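Read the single chain below, which is given as C-alpha cells and is the form predicted alone.
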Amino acid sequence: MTGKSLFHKIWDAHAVRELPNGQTQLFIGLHLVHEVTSPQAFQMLRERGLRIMHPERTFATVDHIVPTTSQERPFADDMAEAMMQELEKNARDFGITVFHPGSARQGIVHVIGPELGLTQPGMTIACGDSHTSTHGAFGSVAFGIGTSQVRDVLATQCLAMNRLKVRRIEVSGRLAPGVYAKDVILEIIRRLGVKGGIGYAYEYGGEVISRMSMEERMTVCNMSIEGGARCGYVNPDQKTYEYIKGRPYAPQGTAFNRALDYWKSIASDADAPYDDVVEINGSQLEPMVTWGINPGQAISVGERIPKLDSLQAAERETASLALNHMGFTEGDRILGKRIDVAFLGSCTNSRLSDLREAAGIVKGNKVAKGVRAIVVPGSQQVRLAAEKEGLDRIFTDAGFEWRYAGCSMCLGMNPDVLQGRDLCASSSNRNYIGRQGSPTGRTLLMSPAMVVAAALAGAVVDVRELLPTSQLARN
C-alpha cells in the first residue's frame, strides 16, 4: 500500500464531501481574522442574519493598520482607530476572542498564532491574509483566503477548494554562517519562479530544514506564497512538540499526550509519492538580496544584477521594468548600493530569534548617517521578551527606532511608509512597486542580519564580514 503525504492526510481528514464541481468541502480547524479583510465579511453575515458557526475556533488581532510609535487609545490615526473599533464591535457581537493592544497578546496574526499555541500540527488553518502559509511550519495545511471566503468560514466553518499537487523541496547539507532561513526561501523562489508553485503545496524537508528552529521554519513557509504555492509545510518533529507544549491554547496534561499521538501520525510516510521533487544543496547557498520588483528577482550578495539577454524571453519584460523602477543597470553589483531606510520586522522576520541574531551584529556599532532604521517586534510578547534581554537598548544605542508590535513598513497601510525614491533594506516578504507606501519607493528583500548590516554601513554589504566569532561558530 502506497503511503501518503502530510498534505493528503490532513486534507482527507478534513474533507466533508466532494462537491459536484470537483472541489472539496473542507472543514477549517482554526480561523484567524484581522482588521482589514474581516469588516466586510461580518457585515455580510449581518445582512443575511447569520451567526458564526464555531466562534470558539475564530480568533482576531489587529496588525496591518495599528500604529507602531504609540498604541495609546484612541490611535492618532483616525482610520486606524475606526478599524480597531469595528473589529472590537464585531468580536463582541459575534462572540469571538480578540487580541487588542490592551490584551498583552496583540501582534501580527502569523506571529501570535504560533506563540499562543493556537497553531498546531494536523490542522487546517485559514486567514484573510496571503501569508497564512507561515503556520505550515507546524505541520498544518494553512492558506490565505479572500473576504468572501472569510464570510464563508465564519458562517459555515468550511471552504470549497481544489485539491493541490504536492512538491517536495529537499534542502540538503548545512547552511554556512551568515546564511539564514530567509536566504533559503529566496533561493527557492529564484530557482522555481514566482509562478512555479501555482497549483502546488510545498513540502520542505532535508537536513537544512530539520536543523532549523521553529521560527526559521516559519520564515521559509511564510514566503511559499511568493513562489506561487497555495501553502507550504514542514513535517512535525520533536522541535515542533516542544515549542507547542505549555503555550496558553495548547492542549494541557493528558490532552497534550493524546494530541501528540495524532500529531506524530500525520507526518508524511517514508514512501509517500510526490508530484514533483526538487533538490537544493544548502551548503552552497550565500546571503541573498532582491534587485527587482518581485521576490524571484534575487541574487546572492556577491553576484551582479543579470543582463537582460541572459534571461529567458518571458522574464525580460518584467526585468526591464524592474531595472527602470529601481534605477539599476544590468550587470551592476548589488553590493555597495546605498540605502535610505532599514526595516527589521514583518510576519516573515520579526520574532525573538530574528532580533537576537540582528542585535549580535548591531552591538557596539552605529547606524550610518542619513539612514532611517526601525525595528518592529512581531508581537507584544516578542517585544517584552526582547526588552527583558536588553535587545531594545542595543538597537536604540546604535540609532535604531524601537517600535510597538504591528505589520509596520511591510505594507503601506499604516503611517510607516517610504518617502519618494527611498531605497529600503527590508526583512519583509514583498518588493512589489508601491508595497511600502510610496509609488516610487524601492525595496531590497534580505535577511534580518543583512538588513542591520546595511543599516550600519549605509549600503548593501556582505554580513559575513561583520559576524562576531560567536556567530561564525554557530554551525
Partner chain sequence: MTPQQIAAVKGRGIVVRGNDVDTDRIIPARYLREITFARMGEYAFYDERFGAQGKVKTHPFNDPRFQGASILVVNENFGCGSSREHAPQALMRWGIQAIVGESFADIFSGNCGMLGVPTIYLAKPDVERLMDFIEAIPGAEIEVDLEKKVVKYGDVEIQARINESMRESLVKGTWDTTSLMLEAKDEIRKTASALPYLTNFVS
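As the structure is a prediction and not an experimental result, all values here were calculated from the model. Residue numbers count along the first chain shown, from 1.
Form predicted together with its partner chain: not shown, discussed below.
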property	result
Residue stretch of 394 to 402, 312 to 320, 277 to 285, 351 to 359 approaching its partner chain in the model of the complex, non-hydrogen atom distance within 4.5 Å	312 to 320
Contact test in the model of the complex: residue 70 vs its partner chain, heavy atoms, 4.5 Å	no
is_contact(residue 387, its partner chain) in the model of the complex, heavy atom dist at most 4.5 Å	no
In the model of the complex, residue 97 touching its partner chain (heavy atom, 4.5 Å)	no
Contact label in the model of the complex: residue 122 to its partner chain, heavy atom within 4.5 Å	yes
Position in contact with its partner chain when the complex is considered in the model of the complex, options 246, 146, 273, 327, heavy atoms within 4.5 Å	146
269, 207, 303, 77 - the one with a heavy atom within 4.5 Å of its partner chain in the model of the complex	77
Every residue of 50, 130 and 259 near its partner chain in the model of the complex, heavy atom within 4.5 Å	yes
Heavy atom contacts to its partner chain in the model of the complex at 4.5 Å, residues of 15 to 37 in sequence order	15, 16, 17, 19, 20, 21, 22, 23, 25, 27, 29, 36, 37
